[in-house]
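The chain below stands alone and is given as structure tokens, in the form predicted alone.
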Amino acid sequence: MSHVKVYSPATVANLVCGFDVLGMALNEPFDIMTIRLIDEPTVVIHNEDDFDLPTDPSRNVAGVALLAMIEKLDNKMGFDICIEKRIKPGSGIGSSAASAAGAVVAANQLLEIRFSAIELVQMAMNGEKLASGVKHADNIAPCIYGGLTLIRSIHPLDIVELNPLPLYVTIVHPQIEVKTSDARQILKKQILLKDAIRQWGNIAGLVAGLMKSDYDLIGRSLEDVIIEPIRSILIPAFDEVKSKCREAGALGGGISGSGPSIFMLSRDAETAGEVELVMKEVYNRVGIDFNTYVTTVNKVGVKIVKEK
């Protein structure tokens, strides 16, 4: 193939109670990336958007992921990549993961599937380290595998695919920026045992609810007593949005990744639409610009686009 084009999806990490261990791929929005092989072991980056992200591969999340791949290649070749970002950086819906994951999946396709999915996750995690200072896979894994994923362990990397039962996802992105690195720095270094026990119960309940298709159990388990109380102070009107969306019929939800986006899960499209109206009403009244999305769970992850 002369080139490969992919759609790389947004993701919701943590899923409220599963900090750094749970993630979900979305059908919208997504980045568009096109990649070609070149004859030297480097990465050439072209931005086709207005975000002015670095084109130096050592300072670009897609670039460092591809550089990690080049290190594993016997015949030293490189990649020329065009990136059209439709997932705004700093939005909290996996912008950096979409770039890093999309790049390695597309490159792997050019190389005729030389690397496994878990190897691709490991390479793409270099992009997350550049973005946040920490290698984490809760956005990368669902972006590559699709659906919902559990990161049982990072060392060694152990990814468990969960049943992507029908769920509608409503997201509001207040137009403020929360950097993942900053959102990590404000977290407590120690937590109370009683809070840890409650959190473990919620994570287990959420996974069980997903596996059993038990919507009520999913709703009861979407509670975070450790991370959300701290990070929510960075997001205007967070508590109001969350409570009013539950009143509108949402199963529950919370901060998407490190924020500022807020996501809510619903059983059906009608409820998801009502939840979007609530989100719009709150932020229109508060006077903060925002974007909203109503979408579903992406079951395939990064999608290879076949062009005629």
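The model shown is predicted, which means the values in this text are computed figures rather than measured ones. The first residue of the shown sequence is 1; numbering continues from there.
If you look for the form predicted in complex with L-homoserine (HSE), you will not find it shown, but the lines that follow are about it.
Just one listed stretch, out of 110 to 118, 208 to 216, 135 to 143, 149 to 157, contacts L-homoserine (HSE) in the model of the complex at the 4.5 Å heavy atom level, and that stretch is 135 to 143. Though the partner is left out of this view, Cys17 does not reach within 4.5 Å of L-homoserine (HSE) in the model of the complex, counting heavy atoms only.
The shortest heavy atom separation between Gly257 and L-homoserine (HSE) in the model of the complex is within 4.5 Å. Although the partner is absent here, Arg184 sits close enough that one of its heavy atoms falls within 4.5 Å of L-homoserine (HSE) in the model of the complex. In the model of the complex, at least one heavy atom of Arg231 sits within 4.5 Å of a heavy atom of L-homoserine (HSE).
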